[in-house]
Structures are given as structure tokens and as C-alpha cells.
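Below, in C-alpha cells: the form predicted on its own, a single chain.
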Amino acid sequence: MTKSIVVVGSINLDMVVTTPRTPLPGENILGSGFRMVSGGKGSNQALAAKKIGGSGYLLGCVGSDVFGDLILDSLKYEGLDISLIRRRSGISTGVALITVEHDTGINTIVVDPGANLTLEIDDLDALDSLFGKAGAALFQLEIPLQVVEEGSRRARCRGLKTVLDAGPPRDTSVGITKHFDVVSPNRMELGALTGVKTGGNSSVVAASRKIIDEGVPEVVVKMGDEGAVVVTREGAWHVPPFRVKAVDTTGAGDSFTAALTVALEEGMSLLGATRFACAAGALAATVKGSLTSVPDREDVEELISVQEVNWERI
């Protein structure tokens, strides 16, 4: 029986505009299709864990403002348990300003964390009653780092599989990974976290080994339209991408990491779980928005069944 996924992380209101291309510094270009949707890596991953795995909980913070109202209404409408979400007065809900290229789906994101940075270690006490029915705990780096460290320590001590979506690095050191069973950055985040310039697979593997050296058993690097790279003490593998028409990559990485966590909690092999995650991330990139792009379990399994994707050792 699949256990719940506990997600501790950020909650934002995404303000998204589609552009013909990413503007250059100082350039003013016309966009279109402005929309405001719930987002943030924490809320995206909690909803993805629920849709893909059947159950998920979210601990995070929003402000006592209209943006917070909009987000909570949206998450409740999607069926996510919001009982652990804290509201803070005197500070705004986190916001993300996002541009999405019309033809490629490539995005740029500027985040004001707002209430996300008010999450405290004492807030983790709310998870005590969930640890017995949860199988994995998923964290990101858009909340205070001391909460990430203490939360992962507590979860691991209670026997949960701990997963870190290592974004954004925020000038932290690779030591932040020490209480995690799986660390999953994208290529840029991996470089920032380890100080190693990451380009092709060989440099990604070298950088990942710095995380392995911290005692982390498994590293899964999100490589965008190149698939993923998996590194363990036993070796390294490349998992090719699923071929889809991307329209918006916002939230694709969040669907990837949530799907990876769900699959691992269910007992899938690391490489099988990474293939499953690649399919979820690919499908998320075919839909505009972040929460709205989270795929259903059936769609992920169907994509895997119609496209043959097999990993290979690097």
C-alpha cells in the first residue's frame, strides 16, 4: 500500500506572461496571455504527489493577504489537504514573476519568497502525527535552510525516505544534502551547489560525486530535454528524454521530483523511478502553468507504454 508523501516547502502565486522570446537586459517587449496561478515548488510537488501517488500533505506559509486567499482556495479546490499551511500577518505571500517563450516553452523566473521565509523549526512539530502514515518526505530550498536541515533529520530518524529537490541553491553549500537519501538538482543547480562547471554528462557525473561524497546514496540530475543522469556509488547512467512538444516548462521539474519520490516510495528501482519521473516532467511541459500542468498517473503510465526509453551506463 502506498503511503503518503509529506512535502515541506514554498507556496507562491505565479504571475505568468508569454513572450515571443526572453527579453535582453534593459529591453521592453510585448507579451500576452497574462495569468495568475498557484505555484511554488512546495505546493506544485505536493499536488503532483497527490495526483500521481494518491496522497500528499503540504507544510508551508502564506501571508494573510488576498494572494494567500487565492492560493488556499485553489489548493483546496484541487483536493489538497491545506490544514498544515500557516498564515503570517504583516508579510506578503510569496510571488514568482515568470516569462515563458511562446515557441520553446523556456522560462525565466524571479521569486520574492515573502512568507515562505517565515517557516520555522517549531512548525515542523505539526508533522509528528503524520510520520507514522508517510513513506517519504520531500524538501526544496525555497524555505529557510535550517528548516530543511532539521526537517530532513527528523524525517530520516522516523524511517521516511528523504528527497531534496536542490533548487534554488541560494549560495548554500553541498553540506545541506547530508540528511537526504536522494538529491535531485537540475544541471545549473548542481553546478551552483558543488562549484563544478556542469556541461555534458561527464561533468554532471563528476559534480554529482561531490554530493555522493557527503554520504548521499543517490543523485538524480534533471537534464531538461536531455532526460536525466543518475549517479550512485555503484556507477552512473543516462536516462533519455520522452519526446513531447513543450509549451511551458514551468513546473515540469516539480512534477519530475514528485513523481520520482512517489515511485521510490512505492518500491520502484532507482532507474525505473527516474524513467517514470522523466515521463511526468515531459507531460507537465506540454501544458501551460505549474499546478495546471501536473499530469495524472494514467497519462504518465501511458506515455511510458507508447515510447520506449531505456537507460544506459555512462
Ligand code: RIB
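This is a predicted model, so every value here is computed, not measured. The numbering used is simple: start at 1 and walk along the sequence shown.
Unshown form predicted together with the ligand; subsequent notes refer to it.
Notebook entry, point to check: Is there a heavy atom of Ile109 no more than 4.5 Å from a heavy atom of the ligand in the model of the complex?
Noted result: Heavy-atom contact with the ligand at 4.5 Å: present for Ile109.
Notebook entry, point to check: Does at least one non-hydrogen atom of Ala96 fall within 4.5 angstroms of the ligand in the model of the complex?
Noted result: Yes, Ala96 lies within 4.5 Å of the ligand in the model of the complex.
Note to self: in the model of the complex, is there a heavy atom of the ligand that lies within 4.5 Å of any heavy atom of Thr274, even though the partner is absent here?
What the structure shows: Heavy-atom contact with the ligand at 4.5 Å: absent for Thr274.
Note to self: Can you tell me whether Gly281 touches the ligand? I mean in the model of the complex, with a 4.5 angstroms heavy atom cut-off.
What the structure shows: Gly281 lies outside the contact set for the ligand.
Next item on the list: Considering the ligand in the model of the complex, find the one stretch among 46-54, 61-69, 260-268, 32-40 with heavy atoms no farther than 4.5 Å from it.
Entry: Checking each option against the 4.5 Å cut-off leaves 32-40.
Check: Taking the ligand in the model of the complex, which residues of 56-75 have any heavy atom within 4.5 Å of it?
Finding: Sequence-ordered list is empty.
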